[in-house]
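Next up: a single chain in structure tokens, the form predicted alone.
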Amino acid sequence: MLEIRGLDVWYRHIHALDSVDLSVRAGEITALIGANGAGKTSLLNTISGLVAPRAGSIELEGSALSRAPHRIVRKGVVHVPEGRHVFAGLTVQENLLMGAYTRRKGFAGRLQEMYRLFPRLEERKKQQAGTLSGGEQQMLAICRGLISEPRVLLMDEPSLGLAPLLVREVFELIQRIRAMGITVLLVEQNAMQALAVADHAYVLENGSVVLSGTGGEVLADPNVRHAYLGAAAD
């Protein structure tokens, strides 16, 4: 569904992505793991048009993906960024309206669907987003992405900074999103959880793909277990 070929990204003298090839198949969760600075966030930012590549191609279903972020969203590729980035001074419902700026038609019906999926957000729909807990803000960020009816959802560190119980809720939600027919490209530091739910996975090191396979295959790789799972692998 999403094909990335020979992607090169530089930040001045820093080579963030080096000839990256990656495929995201329709209806699957594709996980991307690696150490801090490996290029994971750079890859998502490049797909969503926030960073311009020096070389390479990004195609959605065989057609070149626009480099303009608003056109990328209209094509159905939506980015849930690291750090949530909710609009703190707006209410929960106003945040969701902002997320639907390319899909205003039918917003009321989709809003009710989102509230069924996220009942806590309905309870807080008139509350300013900046006053929500970290877990609630993460749910709002995901919901804001979903309300635009994405075909591909790019998720950057959705479990970052959350308590273990909320981490489990987030990964259960990611699996529900896949069950809704939405394709997910997931960047996660929590490698064990990410690989456990992934249909396919890639390992990035220093801006290059060094390993790929099914989630189970990558999880079973001894080098991955040593480097990214440590004691958790036992």
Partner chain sequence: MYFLQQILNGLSLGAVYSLIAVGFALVFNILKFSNFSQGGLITVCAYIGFMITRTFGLGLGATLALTALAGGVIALLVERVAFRRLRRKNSPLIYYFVSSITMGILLENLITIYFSSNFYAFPRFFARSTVRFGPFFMATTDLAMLGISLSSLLILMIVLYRTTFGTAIRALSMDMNAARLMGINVNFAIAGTFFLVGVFAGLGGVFLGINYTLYPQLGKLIVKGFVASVVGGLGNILGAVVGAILLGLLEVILVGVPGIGSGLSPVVVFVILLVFLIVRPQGIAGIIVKEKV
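The structure presented is a predicted model; accordingly, all values stated were derived computationally and were not measured. Numbering follows the first chain given and starts at 1.
Another form exists, predicted in complex with the partner chain; not displayed. Remarks below refer to it.
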Exactly one residue in 86, 111, 121, 153 has a non-hydrogen atom within 4.5 Å of the partner chain in the model of the complex; which is it? 86
For residue 48, is any heavy atom within 4.5 Å of the partner chain in the model of the complex, or not? yes
At the 4.5 Å heavy atom threshold, is residue 75 in contact with the partner chain in the model of the complex? no
Mark residue 159 yes when one of its heavy atoms lies within 4.5 Å of a heavy atom of the partner chain in the model of the complex, and no otherwise. no
Is residue 69 close enough to touch the partner chain in the model of the complex, meaning at least one heavy atom pair within 4.5 Å? yes
Going by heavy atoms, what in 194-222 lies within 4.5 angstroms of the partner chain in the model of the complex? none
